[in-house]
Ligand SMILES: C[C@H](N)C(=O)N[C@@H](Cc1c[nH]cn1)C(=O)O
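In structure tokens, the next block holds one chain alone, the form predicted on its own.
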Amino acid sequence: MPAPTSFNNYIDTHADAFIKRLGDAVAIQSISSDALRRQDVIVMGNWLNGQLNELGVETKLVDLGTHEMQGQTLQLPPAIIGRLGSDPAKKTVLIYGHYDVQPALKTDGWKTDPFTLVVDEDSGRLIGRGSTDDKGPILGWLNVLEAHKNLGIAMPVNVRFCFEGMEENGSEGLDECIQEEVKKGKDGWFDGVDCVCISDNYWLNTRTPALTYGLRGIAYFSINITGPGQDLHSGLFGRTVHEPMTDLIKLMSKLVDHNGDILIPGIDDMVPPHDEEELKLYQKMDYTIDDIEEAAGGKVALSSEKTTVLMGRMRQPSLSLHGIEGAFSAVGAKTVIPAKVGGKFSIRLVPPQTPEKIIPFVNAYLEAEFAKFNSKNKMEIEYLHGGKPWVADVKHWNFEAAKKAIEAVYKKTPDYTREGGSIPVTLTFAESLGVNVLLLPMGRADDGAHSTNEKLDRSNFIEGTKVLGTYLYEVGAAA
């Protein structure tokens, strides 16, 4: 069932107001990984809660407790649980999103202030941190609610909401929150949920909308090397002591090679090979090597074969090196030997891998390699956080409803993709509620989420809002 014409017209005529509201959200520096910005994350949660209340959504703010971060005990941002409608004759859709963002500084290479939404009239881009990940999609749902409220149109489904403020920093406390709500049964706000929709990922390219039925999981580690009692002068101690940085660099070089192959024995071996039917899925996708290189900003693809690159992103594990904590990185030349350094890396996981399965392989390999150094430094392997991979049934009516919505708005059949990123809560919903979970992306592959100059195209924001609304109508009409 298509959305009413009046709904689509409302979205078009109120586009500027929707963009202004997105600007208000982007301006709140809700960086969950920065202790100094924790209060801003809480402010963002309260702002979003207020917006939902104004649009008729009944909400409750769930206290997720505290956690230790950067030497401080910090209050976790609240989870926002909401509900609108309780008609037993209608399906009930649970919508998830997150209101926290990645760090961003102008000095990182941004062309504009990352927390001031810039509307580029020439390109149609809405530039600002969180515009596509994930404030734009969340506000897309608010746009849908506003249109129905102001037009006096009843929603075609009952809607439940779950918004969090820690997704970019491990979603601490959220799994327990969801599971507790589910345990309440008839008294819980998730009772009767028929399906879940998450808009927190991206099209495979800039041309063709996508529906995502799989996500890689993640296991994030730090290799911590300690030795001297304090930082040392390289002129006085160079070539006289075992240096932690030297050990760390050598150890990190043994994790992955320049072709992306994981060097830890047993990791790649866990994944069964693809069959011909699965291979055809990748061959049919609207995707080229130019797409990934355009999104990456350089001709750096690991292969010239489309299917090889796609499977590397979607159905194979990957290992990436992220940074070194404790190393000198400022401007200038400082001749220090760091006394303690930590090398951060993560492994993206695919079924049947889980963090619990791969941690023993990581620990055993690193301990064996470090022992070969005969170093007097000490090494500690720290597992920081992780999440399981997820795959859904694309033949479910939930996916069919989303497909029809995309075809109605964009006049295109979507690509069916598995995404390389991780949204651990996806599996939590699937396992806790026992329902189909769908990823319905709003943004494009070149949006630059987590990167400099993050953007959301105006057309994706406005037409994407229409897709979200139409999807609800298609769910409401599904058998």
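Counting begins at 1, following the sequence as shown. Treat the numbers as computed from the prediction; the structure is a model and nothing was measured.
What comes next is about the form predicted in complex with the named molecule, which does not appear here.
- Scanning Val41, Leu440, Val26, Ile423 against the named molecule in the model of the complex with a 4.5 Å heavy atom cut-off leaves one residue, Ile423.
- In summary, among the residues Trp390, Phe221, Phe163, Tyr202, the only one with a non-hydrogen atom within 4.5 Å of the named molecule in the model of the complex is Tyr202.
- Just one listed stretch, out of 163-171, 372-380, 226-234, 290-298, contacts the named molecule in the model of the complex at the 4.5 Å heavy atom level, and that stretch is 163-171.
- Although the partner is absent from this view, Arg83 stays clear of the named molecule in the model of the complex, with no non-hydrogen atom inside 4.5 angstroms.
- Though the partner is left out of this view, Arg315 does not reach within 4.5 Å of the named molecule in the model of the complex, counting heavy atoms only.
- Taking the partner from elsewhere, His98 is found to have a heavy atom lying within 4.5 Å of the named molecule in the model of the complex.
- The closest heavy atom approach of Lys254 to the named molecule in the model of the complex falls outside 4.5 Å.
- Shown here without its partner, the chain carries Thr206, Lys403 and Arg444, none of which come within 4.5 Å of the named molecule in the model of the complex through any heavy atom.
- Annotation for 124-155: the only interface residue with the named molecule in the model of the complex is Asp133 [heavy atom within 4.5 Å].
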